[in-house]
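One chain is shown next in structure tokens, namely the form predicted on its own.
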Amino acid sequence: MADRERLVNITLALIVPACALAAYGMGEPFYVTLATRIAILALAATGLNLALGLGGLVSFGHAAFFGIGGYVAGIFATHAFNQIPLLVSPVTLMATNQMPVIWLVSAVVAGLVACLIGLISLRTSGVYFIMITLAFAQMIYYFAISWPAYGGEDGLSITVRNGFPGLNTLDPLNFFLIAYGLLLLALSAFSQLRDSRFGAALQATRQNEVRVASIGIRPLRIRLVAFIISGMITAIAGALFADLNRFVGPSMLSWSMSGELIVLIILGGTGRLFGPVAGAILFVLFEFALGGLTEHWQLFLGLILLAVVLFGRGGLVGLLAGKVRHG
């Protein structure tokens, strides 16, 4: 069973870059952009998969972290392009358009926000946890709408895509490679965390919190660390998403974005290493194939999601690789 899942993972890891390279070779940059969208959404879902898949934390607030990353990228790009300082007092702080710095700032800001949200929401469980994370995300969403300095309800355009040392990020293939490279790093980190003592403790808190506490492990601390790391990964994906579209708006912070990330994980396989990748592939393909036929394509996606929940809880990866082996 483990060999089957490894084969499925390798296939999923190769199919996205193979399609991107083939599209680039045929002079079809649009399909390279679709592959980039898959990689970025998979990266965001990988962050959520750490909290949801391993920790059982059904967060409806991860759009907050996704949007925070997007707004950091948009604000830095705007200030760098117009050569306007981010801060004037007490010191003058100029912005940069370099992606690594933007990712770092996005992760730090999202980590701080995740720490605040987690300290409050993780003291609850079930529907209360869902509603508190949703409430925090909506607070940040309405703050963005009422922030006229950066577009308010209209959002913020990124005139020139942020840069990466040694690469032309305006080239579709280069930008895809950046996004896919980060996805592979996130998947590697997820795998290491899942197989570590921390990952074992996190999964144990999902199964029996009382028993974990009885052996001296603090469930709140374990979950909080996982929630923070999860938010940081999702924020980096948000920064990439803003650069991909050269636009960031309040829609990146909306509750529907959180729902989309959960849908990706369910479609691909909750807790599976490449579940977010499989889910992102299915989601983007449905969006592209059915979106051109009808504006109500989400109806068909909903029917498929219902079928997965009722008959195939392991998602696409579970269907192809079988049940997770425990022990």
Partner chain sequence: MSSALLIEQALNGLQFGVMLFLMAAGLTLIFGVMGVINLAHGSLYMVGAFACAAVAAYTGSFWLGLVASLIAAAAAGAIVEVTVIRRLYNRDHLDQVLATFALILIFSEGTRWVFGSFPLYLDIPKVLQGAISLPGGAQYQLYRLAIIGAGLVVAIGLYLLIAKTRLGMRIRAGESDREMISALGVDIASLNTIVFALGAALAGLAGALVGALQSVQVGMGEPVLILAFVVIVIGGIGSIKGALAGAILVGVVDTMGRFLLPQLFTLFMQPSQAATAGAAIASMLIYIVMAFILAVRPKGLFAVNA
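Since this is a predicted model, take the numbers as computed values, not measurements. Numbering follows the first chain given and starts at 1. So that the term is clear: the rigid core is the largest set of C-alpha atoms that superpose within 1.5 Å between two forms.
The next section is about a form of this same protein that is not shown, the form predicted together with the partner chain.
Heavy atom contact within 4.5 Å of the partner chain in the predicted complex, the stretch among 143-151, 89-97, 173-181, 70-78
That would be stretch 143-151.
Residue contact check: Leu267 to the partner chain in the predicted complex, 4.5 Å heavy atom:
Contact check for Leu267: yes, within 4.5 Å of the partner chain in the predicted complex.
So in the predicted complex, does Phe136 come within 4.5 Å of the partner chain, heavy atom to heavy atom?
Because a heavy atom of Phe136 falls inside 4.5 Å of the partner chain in the predicted complex, the answer is yes.
Does Val127 reach the partner chain in the predicted complex, with heavy atoms at most 4.5 Å apart?
Val127: yes, in contact with the partner chain in the predicted complex.
Quick one: is Leu273 in contact with the partner chain in the predicted complex, heavy atoms, 4.5 Å cut-off?
Outside the cut-off, so no.
Partner-contacting position among Leu305, Ile15, Leu319, Leu21 - heavy atom within 4.5 Å of the partner chain in the predicted complex
Exactly one residue meets the criterion: Leu305.
Residues in 286-309 with any heavy atom within 4.5 Å of the partner chain in the predicted complex:
In sequence order, Glu295, His296, Gln298, Leu299, Phe300, Leu301, Gly302, Leu303, Leu305, Leu306, Val309 come within 4.5 Å of the partner.
Superposing on the rigid core, do we see a C-alpha displacement of 2 Å or more at Gly312 between this form and the one not shown?
Moves: yes, 2 Å or greater.
Is Phe300 among the residues whose Cα moves by 2 Å or more between this form and the one not shown after superposition of the rigid core?
Yes; Phe300 is a residue whose C-alpha shifts (by 2 Å or more) between this form and the one not shown when the cores are overlaid.
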